[in-house]
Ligand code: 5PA
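In the block that follows, a single chain appears as structure tokens, in the form predicted on its own.
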């Protein structure tokens, strides 16, 4: 199947336009010289909604589905620094929907939490430890709103549902189209992975239209077995939705694409090694990463290239999934790690 055929298959699902258009791919010349690879960065931090980020792609399909179902309120969840929560609130307001954000952590008036407040989103903060606990709170709120006559639409953490996965299947087609326009054949596509939706979309899209390209999805600290199970489920459900015979991935393929070892103790941990990588990329290319997702994923990319697991001369595309608001959410902690 080619990119156009895959995109046609996506057209039967409702989608709202939230992105400015295709996000640019830029050449990281300085880092490329040092790593002896050809490194390009897909700027999905420039999607155009709120502070930008990968969740915009998922929300185009998720909120398209919500509007089709005549919903009036969107409920979603994440950490207090959640870029997904911010983008969801911004998209909901733009489309005339109410938003309820179910967050875990400490409600400090900074970073993305501050921007959520500027949007007049309804915010409820809990002392939850896992995404599963947040899911339970969301379902309670859903029942509460239904009892009050509302029509709520529930979006899981990270927008990671089969409907949300469609956004990154579409992104995979975009990546391959841009590669052809630039006369580039990608060897690797590298991204962060956490709730699994972005990873499932990239895996399905590449498997369907570009099986020779190797995806490397670098975990940012979530329990590996839980992540693998989530991705496996999303891949199976989404492939069935789209009837992607060639898109069915084996458990071994999913596990092989999921790179562990760069979470630094768990999701949301902020460490000096990652802050140094953020400073390195900012100095070399003028691009900021975040301390929770893209900083850890780029640390992994650097290590894989230095260890020649990504061989010299490879053409590598790093998907910058956004999240720069996290730098301001944790500015005191990050500042303490600067020289």
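Just so it is clear, the model here is predicted, and its values are computed rather than measured. Positions refer to the first chain, counted from 1.
Quick note: we don't show the form predicted together with this ligand, though the next part is all about it.
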State yes or no: in the model of the complex, is some non-hydrogen atom of residue 205 no more than 4.5 angstroms from a non-hydrogen atom of this ligand?
no
Within 4.5 Å, heavy atoms only: does residue 192 come near this ligand in the model of the complex?
yes
Taking heavy atoms and a 4.5 Å cut-off, does residue 58 contact this ligand in the model of the complex?
yes
Within a 4.5 Å heavy atom cut-off, is residue 321 in contact with this ligand in the model of the complex?
yes
Which one, 77-85, 143-151, 170-178, 123-131, holds residues whose non-hydrogen atoms are within 4.5 Å of this ligand in the model of the complex?
77-85
The listed residue (111, 162, 219, 158) that reaches within 4.5 Å of this ligand in the model of the complex by any heavy atom is 158
Which residues, if any, of 275-290 lie within 4.5 Å of this ligand in the model of the complex when only heavy atoms count?
290
